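As structure tokens, one chain now follows by itself in the form predicted alone.
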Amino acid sequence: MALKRRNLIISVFALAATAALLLWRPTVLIYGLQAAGLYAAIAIPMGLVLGIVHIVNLAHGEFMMLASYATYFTCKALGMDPLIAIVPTAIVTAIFGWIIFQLTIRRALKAPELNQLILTFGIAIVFSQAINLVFTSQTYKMPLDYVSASMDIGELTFGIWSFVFVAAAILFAGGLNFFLKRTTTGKAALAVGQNPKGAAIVGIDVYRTYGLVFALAIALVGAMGALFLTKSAIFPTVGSPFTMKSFCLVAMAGVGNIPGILSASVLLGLTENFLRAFRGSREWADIVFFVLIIVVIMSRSLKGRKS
């Protein structure tokens, strides 16, 4: 009931903001929804890992960054479009994620949560510094004509390519919902997430399931790395803000609450673009997610005291 109430509250705020912006500043609505799609598509895999493996992966954005770099240099070498590289990149990053899980994260699953955070934070630092040492802090971007496509509605002109992120977020949410509720492996993953000891008693290989879920999440992040490259420049620290924003969205929605992540992403995307619409508040747009997560944590702590 609490989860449904939280989803309802977030959805109501998001819908109210959407309706108001549609009437007042439609460009804020359009670009806010595009940003929300990007945030949701990156945050959903983090929510999957946290909900089932029960670990906060602070290297989440760095996995996307690595995938973007791998896609960039592969496409440059082969003369290939990043869109064609999405599936191969997802497969390679899934394998890489599984290896990282087996070598590091698996060994820390029974450790205190602080140790887990330090471990994944260390992995993030290693990834970003390794890329910085090899490729320096230089930015890389692929010149693609189709990303500048635009649409005219009356006197309103806006870019449309970033709606691909909205499509990706919906695809990820729907695909994971189908996987978790309609497939044997997905149901086993849900069982492991809810009660690892009970799942082990009925014959489910808990650590194998953890590894598969983590690899699946990293595959989705890898796919987003290739898709992200079509629109944005990449550099060694490009993934860090997305780690923080993903954590913020998962915290707002609640562990394992994928629909809530979608609603929270809309709220965050609209809020950021609303602030950017005014000259005096543009600087605040990049820290609004910190404000949101502080509000969420404080509200939950107050509820805990009352109960």
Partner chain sequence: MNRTLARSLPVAAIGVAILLPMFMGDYPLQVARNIMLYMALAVTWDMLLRSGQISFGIAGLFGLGSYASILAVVRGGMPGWLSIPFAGLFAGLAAFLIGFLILRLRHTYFSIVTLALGEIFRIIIHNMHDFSGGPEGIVVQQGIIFGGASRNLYWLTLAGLAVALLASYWFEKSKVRFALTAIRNNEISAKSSGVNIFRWLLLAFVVTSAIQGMMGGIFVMSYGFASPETVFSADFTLLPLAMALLGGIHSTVGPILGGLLLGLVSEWLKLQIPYGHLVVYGVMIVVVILFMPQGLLGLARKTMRAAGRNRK
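Quantities reported herein were computed from a predicted structural model and do not represent experimental measurements. Positions refer to the first chain, counted from 1.
The following text describes the form predicted in complex with the partner chain, which does not appear among the structures shown.
Undergrad: Can residue 123 be called a contact residue for the partner chain in the predicted bound form at 4.5 Å between heavy atoms?
TA: Yes, residue 123 lies within 4.5 Å of the partner chain in the predicted bound form.
Undergrad: Within 4.5 Å, heavy atoms only: does residue 30 come near the partner chain in the predicted bound form?
TA: No.
Undergrad: Can you tell me whether residue 104 touches the partner chain? I mean in the predicted bound form, with a 4.5 angstroms heavy atom cut-off.
TA: Heavy-atom contact with the partner chain at 4.5 Å: present for residue 104.
Undergrad: Would residue 119 count as touching the partner chain in the predicted bound form under a 4.5 Å heavy atom rule?
TA: Contact check for residue 119: yes, within 4.5 Å of the partner chain in the predicted bound form.
Undergrad: Would you mind picking the one in 258, 275, 70, 251 that has a heavy atom within 4.5 Å of the partner chain in the predicted bound form?
TA: None of the other options qualify; the answer is 251.
Undergrad: Give me the residue from 183, 194, 115, 148 that has a heavy atom within 4.5 Å of the partner chain in the predicted bound form.
TA: Checked against the cut-off, the match is 115.
Undergrad: Which is the contacting stretch out of 171 to 179, 219 to 227, 125 to 133, 194 to 202, given heavy atoms within 4.5 Å of the partner chain in the predicted bound form?
TA: Careful reading of the contacts points to 125 to 133.
Undergrad: Out of 229 to 245, which residues reach within 4.5 Å of the partner chain in the predicted bound form, heavy atoms considered?
TA: The one in contact is 244.
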